[in-house]
Structures are given as structure tokens and as C-alpha cells.
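This document opens with one chain alone, in C-alpha cells, the form predicted on its own.
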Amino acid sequence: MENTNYLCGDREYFTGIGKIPFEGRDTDRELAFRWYDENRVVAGKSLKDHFRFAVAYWHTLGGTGADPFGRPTMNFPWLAAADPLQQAKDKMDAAFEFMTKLGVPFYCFHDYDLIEEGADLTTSARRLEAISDYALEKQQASGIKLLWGTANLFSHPRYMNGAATNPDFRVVAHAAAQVQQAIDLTLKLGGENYVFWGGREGYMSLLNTQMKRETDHLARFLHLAKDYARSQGFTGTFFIEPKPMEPTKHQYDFDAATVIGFLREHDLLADFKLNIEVNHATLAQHTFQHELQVAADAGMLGSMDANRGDYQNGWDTDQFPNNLYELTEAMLVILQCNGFQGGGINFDAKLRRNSTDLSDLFYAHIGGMDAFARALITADRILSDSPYREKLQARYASFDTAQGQAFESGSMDLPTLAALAHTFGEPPLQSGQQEWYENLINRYL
């Protein structure tokens, strides 16, 4: 097994596990990739460049199995130290050991995922400065990069009524200080992007809410953050991550269409894209594919949080992705829009409460990465080898006629369009052949 001491300090946390190899679909080894060969070229790009996989610092290193009904079940050794800085260093040692052995090129974090928040902003800033120095050393030694950073503006009680949309100006100011600090942190670590997830930017009741005032405040806050980051030399993309509810009853970033409308209304389209999460899409009563398509059609598909929900549970369960059929549909969307704009695929997913072995972290990520690879390969074969494209184009062939093109281009008025109806007579029924399309994916999986 390779020596990873230069990445994990004096202690190896994942003993007995070396670098995860690609061995192909027929391997009997459990800790190996069957589909994810990072150097395999599909549709003109390597799988590594298609996916730009990232580890979620909060779930992978800090998800201890606790839930509203029970205490933590995972006794991670890197969380044992009582001193905040020592615990943060232990956690980072474990993180970079894990990511190096897994072979992912990126990671993501909220500010206080890296180190425990202090009693005041000054203490927090001092702690983040120390741990970010350590992170910089780890990044330089390993080659692993920061895909995006963000600020946790939802966990602390001060944010119970929101952060940028809080009715108390003092809380808005505190959120601004935290975001400024997180932007500086992201810049220091060479982060390629910055994410806003409005975890509590919404309302529980309209009875005590001035909704327009709150959304105007959110837009002003985003402008200030964007302007500050640009003034400091940040050239990356800002992402907004839609979510309809939970923990608020109604969040202002409800779904992709809502966020795009918000960005357009407040003149933020030039700097912002969307970070689409699977489980958030289904909570909004959409499919993941729908949310990807809405973002892609608007030229706003920036990045992805990969996970899945449980169809029998109505909340954000953040399970690792494994549904090949649904992932193939998603990859059809992504391939046809030429991929992400700036981002990648972050595993915003956590182990189940009863998966308590450290090796389970590897099984979960290997399974997710293999599922995405197999789905992308399948989608590419469908687009390249099957009649899918031609059949889909044929369904809209009537708009490729001179009259159909005149309608699409805007050169036809309503009376002309209406007159054509008399010429055409009753239109024949045209089958959508949905079952054929559904069967096609199964044929190629």
C-alpha cells in the first residue's frame, strides 16, 4: 500500500485501504471502480473532466449519523480532540487521506465545516485563518483543489429567521461579515466557485413577513457579495442552489425556474449560475432531469449536488445516488448541453445511520462514481448509436417547414397562423411513443 503519511500527518485513519484502482466491471474486488476510469474519453472528454467529482466536507467528514430521533452512531476518530484547532487538523488529515485514496480532484465546504465556530467573529476569523493555512499545505501536497466554498448561514440560532432576508438588520450585518470571511477563505484556497444556499431564506408564515422587502434585501446582499468578491480578484462563478422547503415552509429559491426569474429581475444573470441538487428537485415535485433541463435551457447549469431522496419519505434524506435509469436520463440532458459551466459533481450525500464502518465511506463514494460513469457511458451510446436524436427531431419536424419556421422566428402573425388551421383541417393524432423512449434506456444500460 502506498505511503500517504505526507497527507495524513502522523496517523493513518483508513488503515488497510490504499488508492482505489479501476479494475473494470468483472473485478471481484470490493474497493475498486468497475465503471469509473478517469482517463476514459467519452464524447470528447475524459470522465474526470466530465464529472469533476468533489467530496462534501460536511457529510463525509462530519456526518455522524445523528438524526432528530437519535444520537450519533459513528465515532469518527478525527472528531475526538477537544481542542477546536487540533480537531480541525485531525479532520483535515482524514479528509485529504480519504480524497487521495479515492482519487477525487476536488472538495467543497461551508466555512464552519473546517473548524468549529468561535464565540465571536474575531475568534472565528482567527481559527479559519489557522486551518486554511493547513488546508493550503494539504492542497499543495496532494494536488486536490477547492471546487467551491460557502458560508453556513442557517445552523446558528441567530439565523432562525433567515440571514440576508432576516427582519433584523443586525443579523443581516452578521451574515455579511461571515460571507466576506468565506469569500476571502475561498480566494485564499484557490476556490473555483462560490455557492449561496439560502437554507433559511424564506418564511414560515406570511402573517409576519414582508416578502417583497425580504427578497429585495436578498438581491441587495447578493450584489454586495458579488461586487466585493470581484474587487478582490475572484473570477469564478457564483452558484445559487434551489430548494423548495425544509427547514422553512417556503424558500425564496424554490426551484430552478424561480431562481432564474429572481436573478433576471435583479440583474444578476451575468455572474450567477445554478447548482442543482437531486433531492431538492424532488422536494419541489419535479424530477431531477426537469431541473437540469430548465437550468440548461437558460444557459444557467453551473454545477450539481449529487444525491437522491427516498420515495417513501418526504424530506431531504441525502442518500448516495444509485438509480442508473434516472441518472442516464440526467446524463442525456448534461451531454446535450455540453456539461457544466464552471462546476462539477459534489457528493452532497451521507451514509445511512446504521453504516458505521469507515470503509462504508469508500463503498458509498465508489458506488456513486461508478453509477455516474455507467450512466454517462450509456447516455453517450444512446446519443451516438441509437435513433434517439433522429426520432426526437422527427417529432418536431413540422416546425422545420417554411410555415413552422416562420412561426418560430416570429415572422408570422396570429391571423396567418389561424388561417392555416382551415387549410390543414383536423390534425391527425401523433403518438409520443413514450414507452419506446423508456425502453431505449433499458436496452442500452
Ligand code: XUL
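Residue numbers here begin at 1 and follow the sequence given. It should be emphasised that the depicted structure is a prediction, and the values quoted were computed from it without experimental measurement.
There is another form of the same protein, the form predicted in complex with D-xylulose (XUL); it is not shown, and what comes next is about it.
No residue of the trio F33, R308 and D370 has any heavy atom within 4.5 Å of D-xylulose (XUL) in the predicted bound form.
Proximity of F106 to D-xylulose (XUL) in the predicted bound form falls outside the 4.5 Å heavy atom cutoff. Though the partner is left out of this view, K91 does not reach within 4.5 Å of D-xylulose (XUL) in the predicted bound form, counting heavy atoms only. Contact annotation: F96 falls outside 4.5 Å of D-xylulose (XUL) in the predicted bound form, judged by heavy atom distances.
At a distance threshold of 4.5 angstroms between non-hydrogen atoms, D348 is in contact with D-xylulose (XUL) in the predicted bound form.
In summary, among the residues D184, E117, D316, E214, the only one with a non-hydrogen atom within 4.5 Å of D-xylulose (XUL) in the predicted bound form is D316. This chain is drawn without D-xylulose (XUL); in the predicted bound form, the residue among K138, R200, H110, K273 with a heavy atom within 4.5 Å of it is H110. Of the candidate stretches 157-165, 353-361, 322-330, 237-245, only 237-245 has residues whose heavy atoms lie within 4.5 Å of D-xylulose (XUL) in the predicted bound form. In the predicted bound form, D-xylulose (XUL) lies within 4.5 angstroms of at least one heavy atom of each of the following residues of 266-280: E277, H280, in sequence order.
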